[in-house]
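Coming up is one lone chain in structure tokens, specifically the form predicted on its own.
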């Protein structure tokens, strides 16, 4: 590990984008483990060991420790056989615009956790899925954060919160809800105490989304059929506002989810069942963009 520099990035933009970074990725990934693949999807997710110049050393899509170690050893052997000119690029790569460029340093940055809650009869399975959870991020601008501290999150931001984070991604991934699927979206604050310039706020809200549509519910093995997916719940939490920013933010959105979508692992567990989405302050060094940042409309 001492000889590698690990990094992670969102593969959707890399495999479809037009930026210099995306084009470099597309060049070496087409030589890797998905070489020549066109069916069933265009995905190129996986692990790639490459030189700074973009030359592929090895690639794989496995979490098996023995296999990963074998591939890393092969990558190092290929690296050791190269000359310096092959290893380094002729000129620095310009990455191009990225969602992280819009990081709201003066706003509110939250980590968003989703997980199942205990249900009657116990979990629907007895494998990794029963303890599954996922993480995303929510960004609010300085104006949106200040409005929430003042009593109410603006309607546009409330609707964005509900349709982006009401999706069931506990076991995998699922698309956001369209605007017309929003049934209810509201988040408000009320002052409880004030001490030394810091105000403690009680957070309350409601969020409900419901969509009828046609999509696969297994990864690749069924035809599209009409489904209903939904999440309806109440929000409650506590926050502290120091007059300029939130120094504490803990919000739970707890309710009932139904349905399944492709890649979210619910084909055999469509519910209804309890689910929770929890929002908390992100660490200052966490600049990971929301997974559906392009739905923000920020430019």
Partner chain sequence: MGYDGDMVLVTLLLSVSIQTPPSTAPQVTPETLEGLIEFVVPTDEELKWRSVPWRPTLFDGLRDGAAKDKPVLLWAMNGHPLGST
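Bear in mind that the values here come from a model prediction, so they are computed numbers and not experimental data. Positions refer to the first chain, counted from 1.
What comes next is about the form predicted together with its partner chain, which does not appear here.
The candidate spot formed by 181, 241 and 245 lies out of contact with its partner chain in the predicted complex, as no residue has a heavy atom within 4.5 Å of it.
Of the residues 191, 152, 115, 198, just one reaches its partner chain in the predicted complex with a heavy atom at 4.5 Å or closer; this is 115.
Of the candidates 216, 137, 210, 159, 137 is the one whose heavy atoms come within 4.5 Å of its partner chain in the predicted complex; the others do not. Residues of just one listed stretch (182 to 190, 143 to 151, 84 to 92, 222 to 230) have heavy atoms within 4.5 Å of its partner chain in the predicted complex: 84 to 92. Residue contact check for residue 163: none of its heavy atoms lie within 4.5 Å of its partner chain in the predicted complex. Residue 278 belongs to the set of residues with a heavy atom inside 4.5 Å of its partner chain in the predicted complex. The closest non-hydrogen atom of residue 254 lies within 4.5 Å of its partner chain in the predicted complex.
Taking non-hydrogen atoms only, residue 129 never approaches its partner chain to within 4.5 angstroms in the predicted complex. Although its partner chain is not shown here, in the predicted complex the stretch 167 to 184 places heavy atoms of 167, 169, 172, 173 within 4.5 Å of it, in sequence order.
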